[in-house]
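This document starts with one chain, in the form predicted alone, laid out as structure tokens.
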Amino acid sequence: MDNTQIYKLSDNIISPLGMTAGDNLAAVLAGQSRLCLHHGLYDLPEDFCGSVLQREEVDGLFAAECGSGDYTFFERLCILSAARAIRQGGVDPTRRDVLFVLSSTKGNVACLADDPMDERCYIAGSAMRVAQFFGNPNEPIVASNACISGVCAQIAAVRQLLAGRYRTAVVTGCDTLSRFIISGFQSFKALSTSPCRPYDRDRTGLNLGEAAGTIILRTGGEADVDAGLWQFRACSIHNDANHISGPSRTGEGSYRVLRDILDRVPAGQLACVCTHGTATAYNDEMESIALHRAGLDTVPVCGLKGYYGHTLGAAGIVETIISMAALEQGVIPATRGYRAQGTTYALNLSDAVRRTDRLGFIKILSGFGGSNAGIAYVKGGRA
């Protein structure tokens, strides 16, 4: 295990911006978004601004590529994303050394309205159906830890791979919107009725979005790293236990995550930090404090919620993949919606795409209950 390296084998993103990671990156770099105001969706009494998938398009692709079966839309989305990444990576999902990991905050929660005893209501059941679709013999892992689930899922996979239990991990993150989810955020008065503006002085709240993302991680040696693959470098999870929904005002948990990662990945190797950037008053302020405390004021920062909205359990995976794909092209995505400093500490933000020659980044997330997580990757093992 001393010489074990973990690298990214393949990936996929399905979102309103596109059906592949390449399509999504092109849309992001072009400044596109599908965030718009929805009227009467899910019979909600209030309008909401969000990014919503076309069910017919996803269902058509699933039927063409995966066949039929008694799966919910959430499960079909997970299977379709995983299937595309599996094909791209040439993975045999029936092998015993392949692990499936599912990240989701709510899964099929909408099913509760029909039958609270239906096993489809529970994320573990969905994870089993996804793994069984591919003929995988192992019990899958579920990461459901509020907004940090997507990074938690990658960390869970990394730990299993480093322990030598598996050689390959198929990590899928997905969430779909429903009356339950949207009304919950509306009750917090956390949603903006216009496209979100991360870190901006005029930000008014977050938007919600739908997406699925899959990243396949595999163990390898130095030859794989030298081949120019993305390599896992460091990760950390901390809970500051500040409040059930409000982040620590001092950014304590996020700061500790960054401090842990910077012990292994020097700031000078980083092209950027891809932040949570929800465009809520407290999250963005907290992140500015944490980044300042970690000495990262001058490192470029980018937030992707202005393109996707908050995709919940998919966010950590989708935003990791976009960060990798952008840096491969030598660019840092713009923070869509940002115009003027709106946090105590000025971050190195831009509303324009920026050039970079570095190939290392940190992805951080924060969530309800005081949860904070981060993961760092470097391409080719060097930045």
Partner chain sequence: MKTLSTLTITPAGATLNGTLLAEAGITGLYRRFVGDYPKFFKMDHLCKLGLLGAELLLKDFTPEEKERGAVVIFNRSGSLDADRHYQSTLAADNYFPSPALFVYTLANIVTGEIAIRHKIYGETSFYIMDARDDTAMQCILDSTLLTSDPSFILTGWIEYAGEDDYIADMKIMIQE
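The structure displayed is predicted, hence computed values, not measured ones. Residue numbers count along the first chain shown, from 1.
We do not show the form predicted in complex with the partner chain, though everything after this point is about it.
Trainee: Using a 4.5 Å heavy atom cut-off, state whether H238 contacts the partner chain in the model of the complex.
Mentor: Heavy-atom contact with the partner chain at 4.5 Å: present for H238.
Trainee: Does any part of E139 reach within 4.5 Å of the partner chain in the model of the complex? Heavy atoms only, please.
Mentor: Result yes; E139 sits at the interface with the partner chain in the model of the complex.
Trainee: Just checking whether P93 would be counted as a contact of the partner chain in the model of the complex - the rule being heavy atoms within 4.5 angstroms.
Mentor: P93 lies outside the contact set for the partner chain.
Trainee: Is there a non-hydrogen atom of A143 within 4.5 angstroms of a non-hydrogen atom of the partner chain in the model of the complex?
Mentor: Close contact exists here: in the model of the complex, A143 approaches the partner chain to within 4.5 Å, heavy atoms only.
Trainee: From the list V265, L229, M128, V299, which entry has a heavy atom within 4.5 Å of the partner chain in the model of the complex?
Mentor: Contact residue from the list: M128.
Trainee: Name the residue from R218, R76, R256, R203 that puts a heavy atom within 4.5 Å of the partner chain in the model of the complex.
Mentor: Comparing distances to the partner chain in the model of the complex, the residue within 4.5 Å is R256.
Trainee: Look at the candidate spot formed by A21, S194 and T278 and say whether the partner chain comes within 4.5 Å of a heavy atom in all three of them in the model of the complex.
Mentor: No, none of the three is in contact.
Trainee: Which among 81-89, 240-248, 67-75, 278-286 is in contact with the partner chain in the model of the complex, heavy atoms within 4.5 angstroms?
Mentor: Comparing against the partner chain in the model of the complex, the contact stretch is 240-248.
Trainee: Judged by heavy atom distances of 4.5 Å or less, which residues of 157-187 approach the partner chain in the model of the complex?
Mentor: In sequence order, R159, Q160, L162, A163, R165, R179, F180, I181, S183, G184, F185, Q186, S187 come within 4.5 Å of the partner.
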